[in-house]
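Okay, here we've got a single chain as structure tokens, the form predicted alone, with questions on binding and movement later.
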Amino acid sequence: MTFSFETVGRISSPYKEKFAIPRQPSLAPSVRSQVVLDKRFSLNSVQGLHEFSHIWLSFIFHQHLDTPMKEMIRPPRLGGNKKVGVFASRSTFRPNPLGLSVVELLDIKQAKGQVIIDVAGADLLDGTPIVDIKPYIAYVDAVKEADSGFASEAPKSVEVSFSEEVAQTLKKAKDGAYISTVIREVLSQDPRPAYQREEGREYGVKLFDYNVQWVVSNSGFLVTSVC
């Protein structure tokens, strides 16, 4: 059976590439994004939504539309060494490229004829299509006794520091303090693939309008360049 859906909007986020996006929502809680609804929706469509502190975003893994589904995948939480079934994971390589994230609702406004929902903690690539929005309801959506399998604990974070040059660059930048916080939260999740964990190796990722580069040392990650 086949179904066809229309998107309700797209997200605008600091994540300009897939690499380094946190593997779950809220792991980088300071990251602010905007859900920009299509012009066919007015403020009537979100009336009452402001009463909720969090919302669910249903989205499409749009960069994987032509990627074959994998029945068995290697979750990063298992070090990339053990396979589990696709339905026992949150892998992007799914039978249907659908994702689900819970985010903090910050504000709802309208600009240039479009409804904009400000959110925090989203783990979505810039431009990700949104197919539905629902309120998060704590007494049914949060199951305190739930067993989370191989992801029963939050991932360990990595210490992130900045070179003096980078610290000065961000200090002078507009919203530099916010950008510094986002870089620290994102990199602390250790976005490196399990097979690329050599000490001294340099990595890079695009965040906001910056190319952020860092190196690995015994003490953690050192951000060496932001340009």
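None of these values were measured; they are calculated from a predicted model. A residue's number is simply how far along the shown sequence it sits, counting from 1.
FYI, the form predicted together with ligand SAM isn't displayed, but the following is about it.
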Task: Interface segment, criterion being heavy atoms within 4.5 Å of ligand SAM in the model of the complex, picked from 94 to 102, 109 to 117, 153 to 161, 140 to 148 - done: 94 to 102
Task: Listed residue (173, 46, 60, 36) with a non-hydrogen atom within 4.5 angstroms of ligand SAM in the model of the complex - done: 60
TODO: Classify residue 83 as contacting or not contacting ligand SAM in the model of the complex by the rule of any non-hydrogen atom within 4.5 angstroms, answering yes or no.
DONE: no
TODO: Give a yes/no on whether residue 12 approaches ligand SAM to within 4.5 Å in the model of the complex, heavy atoms considered.
DONE: no
TODO: Using a 4.5 Å heavy atom cut-off, state whether residue 131 contacts ligand SAM in the model of the complex.
DONE: no
Task: is_contact(residue 206, ligand SAM) in the model of the complex, heavy atom dist at most 4.5 Å - done: no
Open item on the list: Check for me whether ligand SAM, as it appears in the model of the complex, comes within 4.5 angstroms of all of 16, 28 and 182 - heavy atoms only.
Closed with: no
TODO: Check each residue of 9 to 32 against ligand SAM in the model of the complex and list those with a heavy atom within 4.5 Å, in sequence order.
DONE: 18, 21, 22, 23, 24, 25
